[in-house]
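As structure tokens, one chain now follows by itself in the form predicted alone.
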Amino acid sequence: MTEQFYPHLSERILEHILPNGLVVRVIPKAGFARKYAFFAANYGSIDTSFHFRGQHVRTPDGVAHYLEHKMFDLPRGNVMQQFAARGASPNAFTSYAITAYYFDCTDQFEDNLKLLLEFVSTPYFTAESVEKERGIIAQEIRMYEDAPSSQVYEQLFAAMYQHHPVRAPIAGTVESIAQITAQTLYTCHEAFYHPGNMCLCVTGDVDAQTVFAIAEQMLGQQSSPVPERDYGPAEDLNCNALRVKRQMEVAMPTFMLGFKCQPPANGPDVLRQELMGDLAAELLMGEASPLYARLYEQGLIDPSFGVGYESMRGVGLLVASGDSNDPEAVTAAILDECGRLTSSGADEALFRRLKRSMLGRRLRDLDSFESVCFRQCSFLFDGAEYFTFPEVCEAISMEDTLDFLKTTVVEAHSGLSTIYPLED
């Protein structure tokens, strides 16, 4: 076991890497009644093409999400009732980059942890159960297709990227999931759900050695090869399409604007670019920026307007979204303001305030067990250590941030996705 202390955060990580390659991290929280376990696979919706055991595999879109749905079945029945009988609240999610299973409880933590590790590592799929789930997931997909907030997001990625699998919705389409079989799920479970491609993170008032022992007992010692992922040809920073729009039942136009940037390679730069991207977005168009005040006064944006940075392997972009009667005017104003900032400079005092504000938000976020475990696992998969964020943030200068804006907020690198009301 190794121990790492982060004095800026007063946080400790106790880590043990099992012989099978699983990274187990415990973040102690003395005196808390609640305990939380998060078991994540380095496998998301974008991992549809890969080389494994000497073969190239291409799966239909939506397999990672489909697999998440089916993992709660064991030969003896569905595990949800077993968690409930032990006072635990389990759940799961699939993102573009990871799939995670988790629970929280106050009692019987060790038994619940064993159940979590058992069902995630035990694939059990029958043709009948896979077919039954297809209808459930198809309903979920249609729900997303009817949701403007989902469609404006998915349209943006389809507009901005030509090859990368982020173009496809996380859940896939009704047509793509029709191709998924029990064998598809078994293949992807074998490729991605082995301990060397996963991370277990636990936080609460727990004994770390007990957690490590349970993980080794339940998952064994055998390692497995990691698949080689294929995300297609490298993407140009220019967008596949600059504008994409459709009509839906909305009261006023809702939009999402993105600016492509060069995604960082795995390692510490993943964390640095996320922090710098968030700072850049806030400096240019966040709530404390002069641009935000002007757009708000002109009635071009409202409190729904938000900004930030998003990334995953092969993808990086600044985003702004919200409701507006004139998304094109908002886009033009952002481009103009970026030109002014990068040529004339920004207010140093504002930049320092934005840094403090960002650090404050992330420090408050440490109170969330869910957020802490998610960030631990996702940054670990990308080769970065999340708890170094105070030092990494401090080292980012305003010049770095303005250079990032200058190379990112470029019209040719932008995509604008808009949902208009039906009558428009």
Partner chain sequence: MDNLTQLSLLPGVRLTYLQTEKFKTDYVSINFLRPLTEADAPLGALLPSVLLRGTERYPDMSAICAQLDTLYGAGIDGASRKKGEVQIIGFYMDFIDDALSPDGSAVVAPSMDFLGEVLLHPVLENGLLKAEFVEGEKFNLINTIESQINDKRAWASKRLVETMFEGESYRISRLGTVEQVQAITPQTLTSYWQRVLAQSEMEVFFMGRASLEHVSQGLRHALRDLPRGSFDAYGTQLCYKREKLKERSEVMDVTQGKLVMGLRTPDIASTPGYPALVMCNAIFGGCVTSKLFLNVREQMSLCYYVSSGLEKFKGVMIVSAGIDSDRYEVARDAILKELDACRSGQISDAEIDAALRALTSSLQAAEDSPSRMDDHYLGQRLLGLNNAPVDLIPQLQAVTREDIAAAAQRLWLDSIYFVKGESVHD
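Please read these numbers as outputs of a predicted model, since none were measured by experiment. Residue numbers count along the first chain shown, from 1.
Omitted from view is the form predicted together with the partner chain, to which the following refers.
- Looking at residue 153, you'd find every heavy atom of it more than 4.5 angstroms from the partner chain in the model of the complex.
- Contact annotation for residue 236: none of its heavy atoms lies within 4.5 Å of the partner chain in the model of the complex.
- In the model of the complex, the partner chain sits within 4.5 Å of a heavy atom of residue 357.
- Looking at residue 87, you'd find a heavy atom of it within 4.5 angstroms of the partner chain in the model of the complex.
- Of the stretches 206 to 214, 273 to 281, 75 to 83, 93 to 101, only 75 to 83 has residues with a heavy atom within 4.5 Å of the partner chain in the model of the complex.
- Taken together, the three residues 11, 34 and 366 all lie with some non-hydrogen atom within 4.5 angstroms of the partner chain in the model of the complex.
- Scanning 287, 228, 348, 128 against the partner chain in the model of the complex with a 4.5 Å heavy atom cut-off leaves one residue, 287.
- A heavy atom within 4.5 Å of the partner chain in the model of the complex is found for one listed residue only; from 190, 323, 111, 310, this is 323.
- Along 111 to 141, these residues reach a heavy atom to within 4.5 Å of the partner chain in the model of the complex: 132, 136, 139, 140.
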